[in-house]
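As a starting point, one isolated chain is supplied in structure tokens, in the form predicted on its own.
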């Protein structure tokens, strides 16, 4: 078992002032795999001071310098991709082959995309007799989750580096080990001291200290909607910029002319990727009422093909919940679905057979789910799919939008123009049309209580820029 006794501040590994120690647990078998000494508010203050001192010089570096550094970072991450994937598989449970590809591969792809964006971006251009200048916003505080830990870190770090910002990163204390690898790589590639700082700690003190710090110009959180509320409240006193990627309850609308065999199968896999611990999981399948029984049977048959177990066992698609609290929460939602009258198609709240250890939850499908049911309204964040029947296209759209969330969605139709028309009616930041593949270059973010701002693409870069107008003399 490895012990992590330092944080990364001002280009050096230093002992934190904080002394609390937490265990990092492998959720597949409930074994402690590491111990981490956590930072406190004074450590945050030191890290922010380091970032503040580094900002003037770093923000004035050339595009070519920042691009070259990001390219070195990408190559160094790629050299350790399998190690990163396996580390994340151990700390949060995604099956290792998927973790190597997704958990380690996506951060590299995101970083590479920002290299291209940076090289082509206009930071200064004329607008009449005024010159528009885009400048780095300053010191950024990043609060990131455990479900796609390094991907969510890189979704903030990459555009911040590209923009010329300095930063303090607070990863999830549940899955922090991957962030130490990132800090090691930052040190190895020669990232200037103070540009990247890493403090591991609890959101209630370290996260709050970052969000409320007067010398932090921007705070970005990926997490729950309740966490987003707390970050906005903490940031309000200093009027700093806030970007949030929060919860989701994404609809998957199958119109009556869709290819149901493909749409249902892909929809179930989309709902259960990372055992449902995905913000954009297509957790509500909205289907014609007269085909609900057929869809439920198809969904159950798809679930039966999914193997669940240890991250390093062969052929697994489903892993455990990240910890015991999440397992208990998801099982509570399953029990609520049964209690409120939804039809249990497959799964249930019991421990899966043959998996006595580990925070596993049976992949579960409900049918006959109504708008007012808890499982239709609240983000479950586990392998639970709800099937909701509709009678008209208008009702399908109403059900799709009948949520406080608006992060993602999906529409299927045999008529692509119809699918696009319905997709435009869905109030969410992304809508996948007829099974469109994930696009690393597409902006990501939410409507309503799913967040503020966008990540990825040039719109993600612009979250880290201020706009200055240089107004020239009249001719």
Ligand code: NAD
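Positions refer to the first chain, counted from 1. Owing to the predicted nature of the structure, the values given are computational and were not obtained by experimental measurement.
Although not depicted, the form predicted in complex with ligand NAD is the subject of the following passage.
J.: Heavy atom within 4.5 Å of ligand NAD in the predicted bound form: which of 203, 352, 402, 138 fits that? Just give me the one.
T.: Looking at the other structure, the residue within range turns out to be 203.
J.: Can you work out which of 337, 363, 248, 176 has a heavy atom no more than 4.5 Å from ligand NAD in the predicted bound form?
T.: The residue from 337, 363, 248, 176 that makes the contact is 248.
J.: Looking in the predicted bound form, is ligand NAD within 4.5 Å of a heavy atom from each of 159, 447 and 463?
T.: No.
J.: Which one, 223 to 231, 393 to 401, 292 to 300, 111 to 119, holds residues whose non-hydrogen atoms are within 4.5 Å of ligand NAD in the predicted bound form?
T.: Looking at the partner contacts, the answer comes out as 223 to 231.
J.: Do residue 217 and ligand NAD share at least one heavy atom pair within 4.5 Å in the predicted bound form?
T.: Residue 217: no, not in contact with ligand NAD in the predicted bound form.
J.: Taking 4.5 angstroms as the cut-off for heavy atoms, does residue 208 touch ligand NAD in the predicted bound form?
T.: Within the cut-off, so yes.
J.: Does at least one non-hydrogen atom of residue 171 fall within 4.5 angstroms of ligand NAD in the predicted bound form?
T.: Answer yes; at least one heavy atom of residue 171 falls within 4.5 Å of ligand NAD in the predicted bound form.
J.: Residue 381 versus ligand NAD, in the predicted bound form: is there a non-hydrogen atom within 4.5 Å?
T.: Yes, contact at 4.5 Å.
J.: Which of the residues spanning 130 to 144 lie within 4.5 Å of ligand NAD in the predicted bound form, based on heavy atoms?
T.: The stretch touches the partner through 143, 144.
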